[in-house]
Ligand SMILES: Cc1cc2nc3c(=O)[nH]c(=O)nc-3n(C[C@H](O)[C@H](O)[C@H](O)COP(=O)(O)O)c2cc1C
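Only one chain is shown below, in structure tokens, and it's the form predicted on its own.
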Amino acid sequence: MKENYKAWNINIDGFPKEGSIVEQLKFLINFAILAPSSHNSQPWAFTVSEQGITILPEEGRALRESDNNKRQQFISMGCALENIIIAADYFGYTGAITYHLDGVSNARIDVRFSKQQKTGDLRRDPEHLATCITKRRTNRGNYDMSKMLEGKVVQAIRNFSTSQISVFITGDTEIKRRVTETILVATDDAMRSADFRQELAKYITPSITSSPIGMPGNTIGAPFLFSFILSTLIRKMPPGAAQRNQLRTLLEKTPFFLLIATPGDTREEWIKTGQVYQRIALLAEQNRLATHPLAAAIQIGNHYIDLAKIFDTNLRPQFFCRIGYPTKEVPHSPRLTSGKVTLAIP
């Protein structure tokens, strides 16, 4: 296995149950780094001590053009946080979360752990969401329109709604049509920016790559040879009608759209949005479904207002994705190893 894909090869039964608390918590970081992130930029860092795990924003991997307010970064951190919480539960620990988000440079998430009072070997539970972390991947391809989501899965997704966060999932044809038009316009607006394309191009890599970050061509549906020039094409010119029609077809071949929205627009709400999405993504994997986040209508201009109207909500849309049964499996994206993102404590 290539070095930039080794992070996916976790022996879930390799948890150091006889090791120190620090060794055990370091093992949990292996699950955190498999979380999704915008452009697969992996904009996080971690510290581990006997007191717990701290998640920090990594400014060197922040997206300055497509995420200038850091919403996507903190959503990504929320996804990594939820992987930690889920994996900790699998190994018999409960994580208590404290958000420290007032400042820009000193924002952090602290997780402190306590041993659960449970009996038996928790690792033998084959249905635990932790077992899906190493299998989950973002699938940007076509979904099977002949297979609808089971009612129990749709209800399970809706059940993630709380007083602080709302989850909307719809297969309604008219709603999907209106959402599709909004996403197409938002994507056009984003791609007209040369600076946006320049940044995006940095994260598009050939299908064969040694980079530990970014999106290889084979994960975004690019033919093998075309993947070697795709980055250059994106950098030099905005997509034309053919690319727009391709995105339209992709959206039209999606049985369900999913939106996560919150009362406000704070960093803590962004993180909690990431936590909820990660649960949904793992639930999807458990049911052989796939998800594909699309951020343009959330992040660019005022298109989020149109999404809110379409979904008939007064809440602030924070996250949007496609969800359905994929017609084709895609490979994992590369990852930085846990050692590369775990910082030494001063």
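Everything numeric in this text was worked out from a predicted model, so none of it was measured. One-based numbering along the sequence shown.
Only in words, not in the display: the form predicted together with the named molecule, which the text now covers.
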item: Stretch in contact in the predicted bound form with the named molecule, which is absent here, among 129 to 137, 147 to 155, 255 to 263, 161 to 169 (heavy atoms within 4.5 Å); value: 129 to 137
item: The named molecule in the predicted bound form: contacted by all of 26, 83 and 338, heavy atom 4.5 Å; value: no
item: Heavy atom within 4.5 Å of the named molecule in the predicted bound form - the one residue of 61, 279, 303, 39 that qualifies; value: 39
item: Position in contact with the named molecule when the complex is considered in the predicted bound form, options 45, 53, 289, 294, heavy atoms within 4.5 Å; value: 294
item: Exercise: residue 215 in contact with the named molecule in the predicted bound form, heavy atom 4.5 Å; value: yes
item: Residue 311, heavy atom within 4.5 angstroms of the named molecule in the predicted bound form; value: no
item: The named molecule contact in the predicted bound form: residue 319, any heavy atom under 4.5 Å; value: yes
item: Exercise: residue 76 in contact with the named molecule in the predicted bound form, heavy atom 4.5 Å; value: yes
item: Residues of 1 to 30 having any heavy atom within 4.5 Å of the named molecule in the predicted bound form, listed in sequence order; value: 8
